[in-house]
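Listed next as structure tokens is one chain, alone, in the form predicted on its own.
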């Protein structure tokens, strides 16, 4: 389980402090797939960075409650461009997190190769990122995010730069691996339809400073339905969410 309680983040700047997030409360159950959506600049990426421990919150707490109290949160983070190290082979990129955890080289190579086989890259172990297509690089990034065994997966618009066909293919790849390993996922997207296809729950953030203003739980019978199927149920929800986001964008523009 992942819990953010009263999380706020303010960045100092020469022009004055910038409040990115204000009093965000978010809880995700173990194995839940939560999608974050909202206007550009509302703090979605900042929230992922806070959960990942890359930056500290200004106020509030980020916890992983257990039976024995709160434990440190182990996360994997996938960016829009994958974030592969250009000087490393695909195999070494995927094994890098295991190396940081102190896993012996023979074991980490085997585990990395197993996950690369799951995403169809077993023939590209010794290629470098520049030798791969954008879709293949994101597959390698998916393998790297799952191989460490971190229970929380943070994804920041991981497929946004891909063409529509490859986007859908990698959505299916992600869901296939997620079903097997059941990590808790916090997934940032600008696409309401993508959020409805992937998520158990959708959380909508306001314009900056971001706070959660709307929550929608996808009906069990429609979760992870095939692309293009069961479109009727989405129409009302899609319209409601877009109207919320539109109002927030207009509010943001009126302040600028």
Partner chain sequence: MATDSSRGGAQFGPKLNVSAWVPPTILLFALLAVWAGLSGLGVLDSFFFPSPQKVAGTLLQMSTSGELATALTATLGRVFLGFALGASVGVVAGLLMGESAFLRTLFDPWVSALYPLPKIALFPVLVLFLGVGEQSKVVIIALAVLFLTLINTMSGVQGISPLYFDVARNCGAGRWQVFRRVILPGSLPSIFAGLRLALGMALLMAVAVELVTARQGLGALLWVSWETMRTDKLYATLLVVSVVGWSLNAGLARLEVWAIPWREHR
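From a predicted model like this one, the values you see are computed outputs, not experimental measurements. Numbering follows the first chain given and starts at 1.
The discussion below concerns the form predicted in complex with the partner chain, not included here.
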**Request:** Choose one stretch from 45-53, 185-193, 30-38, 203-211: the one whose residues place a heavy atom within 4.5 angstroms of the partner chain in the predicted bound form.
**Result:** 45-53
**Complete:** The listed residue (166, 125, 175, 160) that reaches within 4.5 Å of the partner chain in the predicted bound form by any heavy atom is 166
**Message:** Taking any heavy atom pair closer than or equal to 4.5 Å as contact, tell me whether residue 86 reaches the partner chain in the predicted bound form.
**Reply:** yes
**Asked** Given that the partner is absent here, does residue 103 sit within 4.5 Å of the partner chain in the predicted bound form, heavy atoms only?
**Response** no
**Request:** Would you please decide whether residue 114 lies within 4.5 angstroms of the partner chain in the predicted bound form, comparing each non-hydrogen atom pair?
**Result:** no
**Asked** With the cut-off set at 4.5 Å between non-hydrogen atoms, does residue 171 touch the partner chain in the predicted bound form?
**Response** no
**Asked** Honest question, do 99, 136 and 144 all end up within 4.5 Å of the partner chain in the predicted bound form by heavy atom distance?
**Response** yes
